[in-house]
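Presented as structure tokens, the chain that follows is alone, the form predicted alone.
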């Protein structure tokens, strides 16, 4: 599974302060740490007012690129900000995101098609996030039809079935997993991604929920996720789940991770003796 590093996001207080103060050192540290931890993309979200966002997103891109070779995931609903930032990226970025909302399809999808970008597509429209798998699939079909009409191949689309917090609806994980399985059946060449930690928002001991949900999502076809690549427990759960699900040929990733010290609890040490 490929990881989109989540930490450079202006909705986080210290990142917002770094953007405001143009603190390049903090942003570069976050970028370097996530790249070294194995992120396939770095999500870059300025999270500032629409009038400021193009300049802020450009500053983030130009701050990050000199210190990492990992491609960026430009995260904005503002077509003007995306159009500005895409002019300064050195490697083809991912775009986060389009949806079934006409303004996003009309404003962002042409950028995706023009630059050949992979794109995250949310299973929501201008009516909000559908409550059922069936309604989410209606939105997914609409988005996929629009992407195809624009010349974007299914393999460049990363569909996000939208994990909503269990604190608001205890069936939300089941709906998300059902949607993932439906997407896999109908669009086998598309990818599946999500903001994994959304599922536990507002609940205590969130890491336990996130790790269990990750395992279930991998079984349902997840092959990409927006998460913290520095979270050792989450990465350990990921490596173990991929092994159990038959995604780790000859157990190579698992044994390499063990030798690298990823599993460093007392039981792991005892089993090594």
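Positions refer to the first chain, counted from 1. Keep in mind that this is a model prediction, so the values were computed, not measured.
Keep in mind the form predicted together with (6S)-5,6,7,8-tetrahydrofolate (THG) is missing from the figure; the text below concerns it.
For the marked spot (160, 197 and 226), a heavy atom within 4.5 Å of (6S)-5,6,7,8-tetrahydrofolate (THG) in the model of the complex is present in each of the three residues. For (6S)-5,6,7,8-tetrahydrofolate (THG) in the model of the complex, the listed stretch (84 to 92, 120 to 128, 142 to 150, 184 to 192) containing residues with heavy atoms inside 4.5 Å is 120 to 128. Within 4.5 Å of any heavy atom of (6S)-5,6,7,8-tetrahydrofolate (THG) in the model of the complex lies no heavy atom of residue 52.
Contact check for residue 264: no non-hydrogen atom falls within 4.5 Å of (6S)-5,6,7,8-tetrahydrofolate (THG) in the model of the complex. Remark: residue 256 does not count among the residues lining (6S)-5,6,7,8-tetrahydrofolate (THG) in the model of the complex, judged by a heavy atom distance of 4.5 Å or less. The shortest heavy atom separation between residue 232 and (6S)-5,6,7,8-tetrahydrofolate (THG) in the model of the complex exceeds 4.5 Å. Residue 75 is the sole member of 63 to 88 found to place a heavy atom within 4.5 Å of (6S)-5,6,7,8-tetrahydrofolate (THG) in the model of the complex.
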